[in-house]
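One chain comes next, on its own, written out as structure tokens in the form predicted on its own.
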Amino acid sequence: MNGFLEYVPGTSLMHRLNPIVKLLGAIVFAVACFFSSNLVFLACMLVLALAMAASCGMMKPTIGLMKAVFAFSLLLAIIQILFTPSGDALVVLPWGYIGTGSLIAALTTVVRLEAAAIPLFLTFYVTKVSDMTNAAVKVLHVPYKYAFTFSLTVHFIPVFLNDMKGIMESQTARGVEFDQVGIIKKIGLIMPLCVPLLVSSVRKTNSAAIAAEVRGFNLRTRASGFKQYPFAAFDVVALLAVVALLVVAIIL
């Protein structure tokens, strides 16, 4: 299995979809999740997102993503439970109460964020960043500089994560214990590592800028790419399906 946000080859339907359809479909899917507050609909969207992950063999990274999203959404859910009282009171607090409506709203937030995040991340696992960039330039007429900046950002995420992992392993070999109990202590140990990571990031960014300039970056136009990205019948069907989900979300 490849690293975080790195393309994984495959022959599934999602792999074979047009890059623009995958990107726009993931965005519309996420928008549909945020348009609806119906818990049943959002649960169905989450099941559909998991089915898409299973169809392209991406369940393992999807589970990892869901754990990370759950940690963030749980924090939002706790804030929502404590400070947005609604429904029948279950627990009385000095500043309000925890109600049944608060619990349902918090659960809705968690399910919504989980469902919205999965297709967006799947898009990067089943699509080459170069194809996504070139398709955006040729089909959507996005200026190449903006598309290149986006692709470079995605490219450097796993690179910086690997750099950070290497730095932490070096510090561990020197006796630093990163498995300290307590988030304050962990932050105190990790913060000094930001300096070497920043230095490494600046060097890599500068090298990438020089390489792009040497290869004629400023001369690149929309017609420079040789690969074409035609829409097939199943591309249209997939796009219409996610638009239909958005319509249902708006109605509900």
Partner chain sequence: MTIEFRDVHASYNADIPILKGVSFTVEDGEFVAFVGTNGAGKSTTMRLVNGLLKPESGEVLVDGVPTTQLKTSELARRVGFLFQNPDNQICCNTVREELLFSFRALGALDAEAERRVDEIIAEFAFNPDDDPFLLNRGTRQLLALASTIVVAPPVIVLDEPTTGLDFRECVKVMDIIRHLHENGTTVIMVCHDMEVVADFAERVIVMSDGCVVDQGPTFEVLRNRHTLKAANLVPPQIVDISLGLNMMRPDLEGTLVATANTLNEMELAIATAVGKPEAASSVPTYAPTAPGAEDALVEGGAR
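No experiment lies behind these values; they were computed from the predicted model shown. Residue numbers count along the first chain shown, from 1. Between two forms, the rigid core is defined as the largest C-alpha subset superposing within 1.5 Å.
Keep in mind that the form predicted in complex with its partner chain is missing from the display, and what follows is about it.
The partner is absent here, but in the model of the complex a heavy atom of Met191, alone among Leu39, Met59, Met191, Ala209, sits within 4.5 Å of its partner chain. Here is the short version: of Thr84, Thr153, Ser130, Ser170, the single residue with a heavy atom within 4.5 Å of its partner chain in the model of the complex is Ser170. Of the heavy atoms in Val176, some are within 4.5 Å of its partner chain in the model of the complex.
In the model of the complex, no heavy atom of Lys67 sits within 4.5 Å of its partner chain. Under a 4.5 angstroms non-hydrogen atom cutoff, its partner chain in the model of the complex has Val195 among its neighbouring residues. The shortest heavy atom separation between Arg215 and its partner chain in the model of the complex exceeds 4.5 Å. Contact with its partner chain in the model of the complex, judged as any non-hydrogen atom within 4.5 angstroms, is confined among 159 to 167, 143 to 151, 115 to 123, 76 to 84 to 159 to 167. With the core held fixed between this form and the one not shown, Gly64 has its Cα displaced by under 2 Å.
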